[in-house]
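Here you get one chain, nothing else, as structure tokens; it is the form predicted alone.
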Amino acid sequence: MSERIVVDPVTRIEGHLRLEVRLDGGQVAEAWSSATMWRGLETILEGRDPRDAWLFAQRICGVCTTVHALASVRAVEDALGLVPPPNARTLRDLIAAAQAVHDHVVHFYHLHALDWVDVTAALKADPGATARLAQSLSAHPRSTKAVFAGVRDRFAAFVRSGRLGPFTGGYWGHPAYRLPPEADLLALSHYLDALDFQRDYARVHALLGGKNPHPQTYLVGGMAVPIDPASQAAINDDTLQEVRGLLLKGRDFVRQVYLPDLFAIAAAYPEWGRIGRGLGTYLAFGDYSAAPPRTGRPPAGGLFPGGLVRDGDLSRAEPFDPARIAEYVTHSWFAYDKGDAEPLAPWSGETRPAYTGPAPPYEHLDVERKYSWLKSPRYGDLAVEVGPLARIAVGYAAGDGGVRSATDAALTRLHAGRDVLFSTLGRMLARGLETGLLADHALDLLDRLTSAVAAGDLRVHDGSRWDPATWPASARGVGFHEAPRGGLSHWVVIENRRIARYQAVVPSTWNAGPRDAAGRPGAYEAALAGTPVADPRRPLEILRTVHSFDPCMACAAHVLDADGRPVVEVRVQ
């Protein structure tokens, strides 16, 4: 018997996501993904000075600030033919790598782990047995009986207070939870440790970006923060040493806490290596390269190669071609001037809202028509998945030594084949693997910057095209970045020294977008098909798969009440 259920809002994500699924025989037969709030930053950017775009673009999200600032400033530099000095590119990559490591740790512990860890069962754990379990996994210095007893007692007091805070509303006691109480207590303890990690590691962004979460040191042509070993008002030797200490401490946390916990969870839930495969086709732009950018393309030779992997075939990666990106609005609450059946390339993209959905409150969306505020990006008319799994798959298929070595070692440890990568568990594993790669790479970047400074190279900005009088009458550019959640691109068209068009094609649009004109589902919708659901009233299994993507829907620029009236209006001159 078929049954349709709604998960709205999906919690422990950024932003507003609604899922409607049709269950048949105890598993998901069809799924529809809907973003229920509009992001309209593109329209706010039109008419503005392109040099200011990155400051506005990073407000697309309160979490993914750095990534939008980076993609935006790269897009304008691409349009103007600017190549920032190597130190500026290194600083940007260092901030980006630190942001990615920070983001992935937060996702694992504070957004996703609770799908696998029953924190209430931790109250039954033996702290001594928990310490022995922790010591069998890593050399983390806090793996002691006293620490775990303290965490258990602290949590017991928290529960007795009757105010569960972030743990309110969980599906505690659900039969799909399988970890022993000692593993639950271990994960709960590390959940709290990860809060300390967050606080410390974010200081890297503040030291190099001016503040966190919205960095202030980007500039078209380079960076605004000076490097001067003799100045206390610049990045100096003390700054670099402090950053190094934070990066080393963060790498220890990834190696001694995050990755051991990830492998422990993966070993306890092996069947999730066969659930949540989804589209099976993966796209990565490539990033973290020391090479200068290429016009209209990402730089080559980075930590993560760019390319396309089709149908899970890891024997080859096709080259990435930006000209193959286009977006449908057939099932999106937008309207294109020439009709909604054909996609538009981002440089020709339009952002014209046209809501035709039901008036709230409503029971179900009309999924045969338009049902989301997200567009449907396609690559060569293919629906693709982006994100950590895509980067690992493309890197593996491209023969990247670092990616291959880390992936093979992880699969050997889990006694699993490569097919396990293409699953809910595979997305978790890929995110952990690239966190380890990025934590190491951040130190390599710092070494590169330190060596340049020691050699006397203090350049961080190229101002040769700062004056708009030096610009062509019209230009267009694109900025790519491999953001934590996947391939991000910003596309800008400049006319008469002002932004004429602007489009941001973000990772969660690639993954969470609705069906296209041909009815092909997006990545979330495809991955949920076949997911077992033991209790439709508590669809924990659905959350496991959709959280494995790390959804980030927080892109809304306007807030409307139920009658469509603005709640607040802010005018920026």
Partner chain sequence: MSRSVATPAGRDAGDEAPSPDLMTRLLAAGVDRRAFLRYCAALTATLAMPPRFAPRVAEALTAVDRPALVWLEFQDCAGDTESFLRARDPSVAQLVLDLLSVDYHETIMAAAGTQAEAARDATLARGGHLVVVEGSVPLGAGGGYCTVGGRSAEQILKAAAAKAAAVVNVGTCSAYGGLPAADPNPTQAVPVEEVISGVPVLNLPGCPVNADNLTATLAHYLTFGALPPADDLGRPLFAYGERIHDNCPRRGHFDAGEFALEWGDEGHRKGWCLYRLGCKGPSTFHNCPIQQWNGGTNWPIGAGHGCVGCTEPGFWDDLSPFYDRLPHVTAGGLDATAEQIGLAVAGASAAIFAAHGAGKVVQHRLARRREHAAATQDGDAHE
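Positions refer to the first chain, counted from 1. In this text the structure is predicted, and so the values were computed from the model without any measurement.
Keep in mind the form predicted together with the partner chain is missing from the figure; the text below concerns it.
| task | Tell me, out of Leu248, Leu458, Ala267, Ala341, which residue has a non-hydrogen atom within 4.5 angstroms of the partner chain in the model of the complex. | result | By the 4.5 Å criterion, the partner-contacting residue is Leu458.
| request: With the partner chain left out of view, choose which of Val505, Ala526, Val533, Cys61 has a non-hydrogen atom within 4.5 angstroms of it in the model of the complex. | output: Selected option: Cys61.
| query | Tell me which of 277-285, 378-386, 476-484, 495-503 has residues with heavy atoms within 4.5 angstroms of the partner chain in the model of the complex? | reply | This holds for exactly one stretch, 495-503.
| Taking Asp52, Leu55 and Leu192 as the candidate spot, are all three within 4.5 angstroms of the partner chain in the model of the complex by heavy atoms? | Every listed residue reaches the partner chain in the model of the complex, so yes.
| request: Determine whether any heavy atom of Arg316 comes within 4.5 Å of a heavy atom of the partner chain in the model of the complex, and answer yes or no. | output: It does not: once the partner chain is placed as it appears in the model of the complex, Arg316 has no heavy atom within 4.5 Å of it.
| Does Ala335 reach the partner chain in the model of the complex, with heavy atoms at most 4.5 Å apart? | Close contact is absent here: in the model of the complex, Ala335 is far from the partner chain, nothing within 4.5 Å, heavy atoms only.
| message | How about Gly173 - does it come within 4.5 Å of the partner chain in the model of the complex, if we only consider non-hydrogen atoms? | response | Output for Gly173 is no: heavy atoms all beyond 4.5 Å of the partner chain.
| Applying a 4.5 Å heavy atom distance criterion, does Thr351 contact the partner chain in the model of the complex? | So Thr351 does not count as contacting the partner chain.
| Listed by sequence position, which residues of 152-187 have a non-hydrogen atom within 4.5 angstroms of the partner chain in the model of the complex? | The stretch touches the partner through Arg154, Ala157, Phe158, Arg160, Ser161, Gly162, Arg163, Gly165, Pro166, Phe167, Thr168, Gly169, Gly170, Tyr171, Trp172.
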